[in-house]
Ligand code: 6PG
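A single chain, nothing else alongside it, follows as structure tokens in the form predicted alone.
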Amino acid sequence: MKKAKFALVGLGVMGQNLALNIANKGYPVVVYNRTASVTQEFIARLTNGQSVTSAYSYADLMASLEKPRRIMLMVKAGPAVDAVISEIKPYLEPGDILIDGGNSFFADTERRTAELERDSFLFIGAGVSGGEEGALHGPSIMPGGSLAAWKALQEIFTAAAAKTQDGEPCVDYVGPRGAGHYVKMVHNGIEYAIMQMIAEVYDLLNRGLSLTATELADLFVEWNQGELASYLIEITGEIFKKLDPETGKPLVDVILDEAEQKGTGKWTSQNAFDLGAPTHAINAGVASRILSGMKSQRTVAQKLIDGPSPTFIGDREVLLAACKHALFAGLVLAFTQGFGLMQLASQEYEYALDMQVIAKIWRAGCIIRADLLDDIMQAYGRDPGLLNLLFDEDFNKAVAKRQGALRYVLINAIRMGVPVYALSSALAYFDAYRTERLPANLTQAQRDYFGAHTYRRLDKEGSFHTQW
């Protein structure tokens, strides 16, 4: 019997779809799930011609694979990954390749890489983005770890990955050890920021201008035809069209206003603090989800705390146009902060990340895919050492041209009492970054006053302390 080229362990929806994707590209796949009935049900649903077989023990799984064995784990991040690795290790041989395709914390991937390589096994931490549909039809894949392992996987991953309009596969080797999962973590952080910005514009237009779901759907469909063209803008328009079959109301209007999170956005913010990277918009996206979870407190607060009424006074068409431009500026600044964080991490962790390659990988398949990423890729192509996207002439002009619209949107949102945490954080970053002299001189004077922390001067070298 011909042996499989690839194994998939963990048959949740993502695992099942990825197995089908790889098999449909002509690579025989063997699958395993801890619960045998899940494997049986999956195999029973297969159509003729799909080259997927099943294994019901790790011994059978290994016997079904050609060497070096390529085994991808699609299990819940955290202890479950370590548990599966420990179960599989006794059956591995030197040179076999394990791939963690979950949303693992990059530091865990660093540890696992070191542990497995000590035993002559190869390890890949692969960020996979695109959701269920992406896994089936072509995700964005961000593999990091052993370069030798990547070369053994490159053909399969290239076939399975999403393709851009120009035919480029959205996968490439990212860097050593935990680099792949690090890039995926930042991807998710940017995702938090963009989703929050879109939600803030929706809130402003819905409560401030009383736009209906139908009107919002038409607006987002229109926006998706221009500079805002992206997956998240596209699905937002689709969401507004959907009606609840039970009530007949727009489904978005009957969904509880609590946004959950799995931790990747929080990891991005925490790591940014560790590295000293300004990720204002990402942090706002994380904090906004936390505050959304305080539903019961917010219900009480609305009755007890006064504030302005969300009523817009002015030209509606002007605000609508401004929201479009403000959202584009916000997206640029969210990407700017994410790529800035990755540049710091690349130095700190010696990942040698290529920003142009990362932008290329994100152009299709992933959740934050957007036409904007073509421009980001070109910017890093013009200057691989670009310190900040705002130093690129095209992006500098793009944000500068729209900053007036962003300020107009924020002024009106503040007047109406509509929270715009991510958009205002993005503008605060922009204004702080373009300011040569910030009020940190006063902050440092305060630190010296109460803690004798010293300060540096503008006019001479050295550290100084004053008896205040």
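Residue numbers run from 1 along the displayed sequence. All figures in this text were calculated on a predicted structure; none of them were measured in a lab.
Omitted from view is the form predicted together with the named molecule, to which the following refers.
S.K.: Since the chain is shown here on its own, which stretch among 167-175, 336-344, 320-328, 261-269 would lie within 4.5 Å of the named molecule in the predicted bound form, judged by heavy atoms?
M.R.: In short, 261-269.
S.K.: Just to confirm, with a 4.5 Å cut-off on non-hydrogen atoms, which of R112, H187, K360, H280 contacts the named molecule in the predicted bound form?
M.R.: By the 4.5 Å heavy-atom cutoff, the listed residue in contact is H187.
S.K.: Name the single residue among G95, G131, G381, G78 that comes within 4.5 Å of the named molecule in the predicted bound form, judging by heavy atoms.
M.R.: Exactly one residue meets the criterion: G131.
S.K.: Please tell me whether any heavy atom belonging to N103 falls inside 4.5 Å of a heavy atom of the named molecule, as the geometry stands in the predicted bound form.
M.R.: Yes, N103 lies within 4.5 Å of the named molecule in the predicted bound form.
S.K.: Taking heavy atoms only, is E191 within 4.5 angstroms of the named molecule in the predicted bound form?
M.R.: Yes.
S.K.: So, I367 and the named molecule: in the predicted bound form, are they within 4.5 Å at any heavy atom pair?
M.R.: I367: contacts the named molecule in the predicted bound form.
S.K.: Given a 4.5 Å distance limit between heavy atoms, list every residue of 267-295 close to the named molecule in the predicted bound form, or none if there are none.
M.R.: The one in contact is R289.
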